[in-house]
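Next up: just one chain, as structure tokens, the form predicted on its own.
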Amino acid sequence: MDNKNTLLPANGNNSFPLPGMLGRRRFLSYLGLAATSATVIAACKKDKDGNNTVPPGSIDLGTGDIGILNYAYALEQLEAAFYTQVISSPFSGMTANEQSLLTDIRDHEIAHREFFKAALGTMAIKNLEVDFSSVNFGSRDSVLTTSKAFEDLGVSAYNGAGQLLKDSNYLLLAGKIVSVEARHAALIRDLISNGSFADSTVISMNGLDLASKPADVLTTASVFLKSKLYAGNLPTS
């Protein structure tokens, strides 16, 4: 199936099995995963050793489940930064409804970002530097096209990372977050063209969303990052 989305990795596939701002405590309760934070922190202590040398100037995502959580944290940082910019400098002609919807998405992404940051604790990667120079934030078309691409990329990223997680609590967390990201993707598509919430560029003939490997997702996301991420120690199976 050809992938027409300019940001979704070209080799995204369905070979993987699919398994107002919120404070940390409120968001944990919202997810129904209040115990997950402690679980992540405990696992961090066991998951420190990587096998590959990190290139100078790069940020190592880590190994095992913690590496995958840092991978998700990196993507949430990117999305939160994008929507924060969208709301702080609204595009020309943004309607009150669009501003309300995009503000909701911003708040969701910030909540996701802050959850991962708090749960990972000292094992969390640092704050990333973004590069949105290719986005015209004054243009509705540019903003929504980029938003659509980010949301599609995020959904395929979570779908691809699911099979790499060993702890079922983390898989539950990923499932709850990817379902929100998919709602975002559907909304943005409808803002662009009503009724286009799901099409063949992201949904297969079997009704399955695309899934992409971390290496492919990060290569694509790197266009919008000044920081260099290293995924060489992430699990691959």
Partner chain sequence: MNLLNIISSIEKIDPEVHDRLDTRRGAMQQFAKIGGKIAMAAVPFALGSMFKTAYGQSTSDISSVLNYALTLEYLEAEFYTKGAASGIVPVGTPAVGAINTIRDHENAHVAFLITTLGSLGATPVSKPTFDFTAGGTFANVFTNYDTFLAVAQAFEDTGVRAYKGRAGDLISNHAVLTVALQIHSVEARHASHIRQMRKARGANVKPWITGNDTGGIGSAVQANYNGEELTTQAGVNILNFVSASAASESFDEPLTANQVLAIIKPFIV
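Values in this document were obtained by computation on a predicted structure and should not be read as measured data. Numbering follows the first chain given and starts at 1.
There is also a form predicted together with its partner chain; it is not shown, and the following applies to it.
**Q** Report yes if all three of Ser89, Met94 and Ser133 come within 4.5 Å of its partner chain in the predicted bound form by some heavy atom, otherwise no.
**A** Heavy-atom distance to its partner chain in the predicted bound form: none of the three under 4.5 Å.
**Q** Give a yes/no on whether Phe150 approaches its partner chain to within 4.5 Å in the predicted bound form, heavy atoms considered.
**A** Phe150: no contact with its partner chain in the predicted bound form.
**Q** Using a 4.5 Å heavy atom cut-off, state whether Leu78 contacts its partner chain in the predicted bound form.
**A** Answer no; every heavy atom of Leu78 is more than 4.5 Å from its partner chain in the predicted bound form.
**Q** Quick one: does Gly57 come within 4.5 Å of its partner chain in the predicted bound form, counting heavy atoms only?
**A** No, Gly57 sits far enough from its partner chain in the predicted bound form that none of its heavy atoms falls within 4.5 Å.
**Q** So, Phe115 and its partner chain: in the predicted bound form, are they within 4.5 Å at any heavy atom pair?
**A** Looking in the predicted bound form, residue contacts with its partner chain include Phe115, since a heavy atom lies within 4.5 Å.
**Q** Can you check 96 to 104, 124 to 132, 67 to 75, 80 to 88 and let me know which stretch has heavy atoms within 4.5 Å of its partner chain in the predicted bound form?
**A** So the stretch in question is 96 to 104.
**Q** Going through 179 to 213 from first to last, which residues have a non-hydrogen atom within 4.5 Å of its partner chain in the predicted bound form?
**A** Heavy-atom contacts within 4.5 Å come from Ser179, Val180, Ala182, Arg183, His184, Ala185, Ala186, Leu187, Arg189, Asp190, Asn194, Gly195, Phe197, Ala198, Val202, Ile203, Met205, Asn206, Gly207, Leu208, Asp209, Leu210, Ala211.
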